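Next up: a single chain in C-alpha cells, the form predicted on its own.
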C-alpha cells in the first residue's frame, strides 16, 4: 500500500504491475521542468490521502475499483509507470488540457468523461460516478502529476508517437514477431500472466479478459505506436516500425469483447480508417 510521504510505485510487486515494461527515457530537462515526470513522494494531509488512493486505483484497478472494472487490466497496463512514461499516454499535464473536444463522441469532454471512456472501453467496465471516491482519487493523482505544467500546455511525449510502415501491415508476419518477442510475457494465446494471488503482471492482449473493440488499443495505429515505443519488456524502440505494425495487426484482430456503444461513436463523421467497427 502506498502511504503519504512514500514514492509512488516503490514496492516490487507494484513496480511489476505499474510499469508493465520499460519505455523511452524522460530527459533530465523534462524532469527538471515538470516534477510530475519523476517518482516523487506523495504529500501528507487529506489531499495526499486522495492522491495515494487514486494511485492505488490506477495501478491496482481490479482490487480497488472492482465494481467498475470488467476485465483483467489495470489503468497502468497502458499508462505506464504510473502515467509518467512519455509516448505511453502519460498523465503528466493532462489536468490542464481538459475540457477538450473529441470527435469520437462529437462533444467537449471533461477529464472525468475521458477517464470514464477508458473504464468503459479499455477496462470493459462501467463509468465512475463523478462524485465517487474513486473518481476524486484519480483526479487528485492526475492533478498532482500535472503540477507546474501550464494550463493548456501539451507536454513532450503526450499520447503516442505516430509511426508509418513501409509495407501494408501483415498479420502472418506479425504472428511470427509475436511468437519471438511477446509470448514470454503475454502468453502464446494472448492470455497475459498473473501472480499466484491472481493479480495481473502482464496484461492479456486478447480474449475475454482484455480490452474491448472500442478501446484505443484495439486500433492498429495506436497499438503499433505503443508497441514501437514500449515493447518488448525493457527493449522499447528495438522493433522496426514495420515489425510494430505487423505485430499490432496480429493482436488487434484477435477475438475480444464487443463494445455496446460502438454505434454511437463518431456521430458527426471522422471515424479513423483503423477503427475495429
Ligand code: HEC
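In this text the structure is predicted, and so the values were computed from the model without any measurement. Positions refer to the first chain, counted from 1.
Another form exists, predicted in complex with this ligand; not displayed. Remarks below refer to it.
> Have a look at 136, 149, 163, 118 for me and say which one sits with a heavy atom within 4.5 Å of this ligand in the model of the complex.
By the 4.5 Å criterion, the partner-contacting residue is 118.
> Identify, from the list 231, 249, 225, 42, the residue with a heavy atom within 4.5 Å of this ligand in the model of the complex.
Result of the distance check: 231.
> Answer yes if any heavy atom of residue 239 is within 4.5 Å of a heavy atom of this ligand in the model of the complex; otherwise answer no.
Residue 239: yes, in contact with this ligand in the model of the complex.
> Decide whether residue 201 counts as a contact residue for this ligand in the model of the complex under a heavy atom distance cut-off of 4.5 Å.
Result yes; residue 201 sits at the interface with this ligand in the model of the complex.
> Report whether the minimum heavy atom distance between residue 102 and this ligand in the model of the complex is within 4.5 Å.
Output for residue 102 is yes: heavy atoms within 4.5 Å of this ligand.
> Determine whether any heavy atom of residue 70 comes within 4.5 Å of a heavy atom of this ligand in the model of the complex, and answer yes or no.
No, no contact at 4.5 Å.
> Taking this ligand in the model of the complex, which residues along 108-143 bring a heavy atom to within 4.5 Å of it?
Residues within 4.5 Å: 111, 114, 115, 118, 119, 122, 123, 142.
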